[in-house]
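Single chain ahead, by itself, as structure tokens, in the form predicted on its own.
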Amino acid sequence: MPGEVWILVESLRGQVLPTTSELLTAGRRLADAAGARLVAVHLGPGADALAPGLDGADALLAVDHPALAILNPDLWVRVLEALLAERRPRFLLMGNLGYELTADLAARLDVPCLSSCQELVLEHDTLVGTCRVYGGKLLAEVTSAAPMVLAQLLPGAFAPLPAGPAPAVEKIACPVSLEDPGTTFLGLDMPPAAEVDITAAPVLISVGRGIGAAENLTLAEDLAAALGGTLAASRPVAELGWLPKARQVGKTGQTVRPRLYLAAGISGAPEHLEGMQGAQLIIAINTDPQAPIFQVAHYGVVGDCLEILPALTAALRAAEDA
């Protein structure tokens, strides 16, 4: 309905994806500021099973059609265009799916869209988005007071909401024909299961090029063991084959939100920061005092991680023995 805030649910194989929880957080803030309902929108079957994972939404609007079970941009845009044109919500927020859908929808509906948003606020009925441009090298503040605005949010930018009641499900018939799609879904190839899930680790010791060599990883492994943590890496370390791709943090790796993220020898490229800046506590070790990682770190040490990592491990073990 007019004035509502919508978020597009992202799920896979019957599970709500973490990006959806972040969309709920951003949507809840906007809905509260506007005095509006927050509505989660799900395309495809299985909405009833997903509802408990969508706490924070006031309602779940579901288009239960088997052709929408897997993302097909042609069909999804067709359905969303019809829904938005009929119900006229004020905002529609999308996460990773927004990379495929936002621009096309905005052009079809002739409405503004904001991309790569890391913050959204409502100021005097105007949406203000902080958006990353030029690969994250710059931040742009974009505003719109239009009656409808689409926004694509960066994964990892918003912390999930506390658990709450599941929303009521409103199932509606598909508003358009889904015949003759422009593209055809052939199959889904999943990567092999990782030996460890760094997205679930409460403590991450992440190493970058500054670790020097593969044999120096034991210094980070020892500290991770002392803290009850898990070893992670920046992209150069994964590309060198020193650690598997499943342990890579960043835009082309995993988005993580641990309680503690210790970055050792990581300069802090925008692509890496995108994947870890949501950590509750960030500690950075780097020899360069101008390294971008220090801009997001809560605590920083200018020094050689090859010296500081074993010193931290020794101090922790000494404290345990005391």
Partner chain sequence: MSEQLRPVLLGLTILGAAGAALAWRVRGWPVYAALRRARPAEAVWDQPGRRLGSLVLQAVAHLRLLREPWAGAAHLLLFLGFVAVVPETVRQALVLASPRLAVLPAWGGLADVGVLSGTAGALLGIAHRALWRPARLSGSNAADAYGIMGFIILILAGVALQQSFAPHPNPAAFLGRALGRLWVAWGWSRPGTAQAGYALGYLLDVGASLAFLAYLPSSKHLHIFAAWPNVFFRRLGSAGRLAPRDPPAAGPAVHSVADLTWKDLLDLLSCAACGRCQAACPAYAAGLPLSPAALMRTLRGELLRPSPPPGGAGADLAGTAVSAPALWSCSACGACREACPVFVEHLPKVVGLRAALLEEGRLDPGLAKALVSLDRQGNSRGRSATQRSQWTSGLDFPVPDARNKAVEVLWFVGDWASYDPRVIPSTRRLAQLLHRSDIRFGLLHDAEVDPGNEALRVGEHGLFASLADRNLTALGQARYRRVCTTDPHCLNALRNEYRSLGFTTPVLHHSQLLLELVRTGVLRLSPLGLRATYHDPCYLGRWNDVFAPPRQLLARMGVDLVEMPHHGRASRCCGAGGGRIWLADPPPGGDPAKLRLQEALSLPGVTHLVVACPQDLIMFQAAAAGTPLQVVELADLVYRAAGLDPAD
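Heads up, when I say rigid core I mean the largest set of C-alphas that superpose within 1.5 Å between the two forms. Just so we're clear, the structure is a prediction, and the values are computed from it rather than from any experiment. Residue numbers count along the first chain shown, from 1.
Note that the form predicted together with its partner chain isn't included here; everything after this is about it.
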In the predicted complex, does E215 have a heavy atom within 4.5 Å of its partner chain?
-> yes
With the partner left out of view, is K171 within 4.5 angstroms of its partner chain in the predicted complex by any non-hydrogen atom?
-> no
Within a 4.5 Å heavy atom cut-off, is R209 in contact with its partner chain in the predicted complex?
-> yes
Can you check whether L240 is within 4.5 Å of its partner chain in the predicted complex, heavy atom basis?
-> yes
In the predicted complex, which of 38 to 46, 25 to 33, 60 to 68, 287 to 295 comes within 4.5 Å of its partner chain (heavy atoms)?
-> 287 to 295
Would the C-alpha of L306 be classed as shifted by 2 Å or more between the shown form and the other one after rigid-core alignment?
-> yes
Compare the position of the CA of V41 between the shown form and the other one after a rigid core fit and state whether the shift reaches 2 Å.
-> no
With the core lined up, does the C-alpha of N216 move 2 Å or more between the shown form and the other one?
-> yes
